[in-house]
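Next comes just one chain, in structure tokens: the form predicted on its own.
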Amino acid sequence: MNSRGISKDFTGARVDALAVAVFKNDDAKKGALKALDTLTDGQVSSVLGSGEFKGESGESLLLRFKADKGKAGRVLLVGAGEASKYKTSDVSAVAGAAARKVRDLNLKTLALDPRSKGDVVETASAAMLGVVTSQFELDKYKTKDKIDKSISGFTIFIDGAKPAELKNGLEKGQILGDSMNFTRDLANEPPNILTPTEMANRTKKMAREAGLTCEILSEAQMKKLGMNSLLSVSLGSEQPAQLIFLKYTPKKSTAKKGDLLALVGKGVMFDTGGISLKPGEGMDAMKYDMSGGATVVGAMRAIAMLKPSVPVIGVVGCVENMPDGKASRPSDVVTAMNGKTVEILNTDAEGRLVLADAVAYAEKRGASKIIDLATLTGAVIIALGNRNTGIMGNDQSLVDSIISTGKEVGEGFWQLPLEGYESEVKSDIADVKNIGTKRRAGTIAGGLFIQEFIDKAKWAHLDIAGTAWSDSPKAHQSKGPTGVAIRTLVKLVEKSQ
């Protein structure tokens, strides 16, 4: 997609449509809307005055006007909600809604005035990200009724902005948007296509293109390292497990000695529940149970291309959880990489078994801080729905930094406690058990289990089961995988420079 930034003459942009953010109770006779009202012969003030357009988030309205040579001929009003609550991160949704509307009208180019008072680079980045992610659809494997329309050109207008700032922001937004779509494409893939081996192959290809070091550990190598917790999940599958290791190394590091962040993801490519078989209804959704791993891969892609001055590693445990004569049974006991014994009471609580060895491996590779991501529990959906990601950790400063960074980029995290619940994962016959007692505090029990495999590292656990997938489309994006947490993780790395 071609993109450019302009700092003057918005109404003269050579595009198919001029899009503008409109707030509740906006006045078309003042500021940014005044010129557009004149251009449309008073249509803007008319629709605002009559209440035909209210400025609600996600609302849009197309106005036509007689175009002079070089003029767009169309103005698209895009609702942005309350002006007092409008943040730079909200620009993504405005830009995405504008792009989807323009695309649906079979138009190719648009210019946007986001009317943001935030940092120019961040505003341009948010707008570009919104446009890029708005174009993602679920119809990759359709042979007909496929959405083949697309936006070919995007122009961002920020009054008085410097060309270099606009250029930098657009480039950053393109990288973030493409990386989120990379993750979303992985999460949407059918499990017969995206096996653990295929996930590893696609990650290797991405790593070569982005400039990351990539290692893939085989089952034999994992066995030698003692990763029996992770491998226990894969016993019932004909697809071999794969452990992906990624490393970004800056040309000149500004990190303190011994300071290394690891992003660790659950990559259960398909989850039947194993011997503790899930109900058949809704099991098709379990192709997205690898969203944590896909998020790590997408985040590492963005980090490599944005080139921060601190190193970052990524670890993804990729398995398929299937029932078979060789599969793990409820009551089996395995020994994890760190030497702890695990009583498997439910084979459908498999993600934490994968993460146990994955976080231990990340620490073995030098991680001093670990953030793991997983579609871990249905309980977090009951607790938080699809608006906030559950977060837990052993270091409050790390948890706080994730929550505050999430607010900056428009992603919500809600902390759940760990202290006082430790008995939930204590086993009678082994060191720990993989489920809590009588289904209570299910999300917390999942976090506590993973914490048992952290040695000295600062650690935070993100349960994205409720936020990694959207069951309905929004004005700015399709239904399906969301790419949640990538913006937060990348911003967190940038802030650590």
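In this text, residue numbers run from 1 along the sequence as written. Values in this document were obtained by computation on a predicted structure and should not be read as measured data.
Just so you know, the form predicted together with a small molecule exists too; it's not on screen, but the next bit is about it.
ask   = Looking at Thr377, Ser328, Thr88, Asn188, which is the one with a non-hydrogen atom within 4.5 Å of the small molecule in the model of the complex?
value = Spelling it out, the residue with a heavy atom inside the cut-off is Thr377.
query = Among Leu138, Ala161, Ile381, Ala210, which has any heavy atom within 4.5 Å of the small molecule in the model of the complex?
reply = Answer to the contact question: Ile381.
ask   = With a 4.5 Å heavy atom cut-off, would you call Asn346 a contact of the small molecule in the model of the complex?
value = Taking the distances in the model of the complex, the answer for Asn346 is yes, it comes within 4.5 Å of the small molecule.
query = For Phe182, is any heavy atom within 4.5 Å of the small molecule in the model of the complex, or not?
reply = No, Phe182 is distant from the partner.
key: Partner contact for Asp372 in the model of the complex: the small molecule, 4.5 angstroms, heavy atom   = Output for Asp372 is no: heavy atoms all beyond 4.5 Å of the small molecule.
task = Mark Lys278 yes when one of its heavy atoms lies within 4.5 Å of a heavy atom of the small molecule in the model of the complex, and no otherwise.
result = Lys278: yes, in contact with the small molecule in the model of the complex.
task = Report the stretch among 394 to 402, 287 to 295, 117 to 125, 222 to 230 that approaches the small molecule in the model of the complex to within 4.5 Å, counting heavy atoms only.
result = Going by heavy atoms within 4.5 Å, the stretch is 287 to 295.
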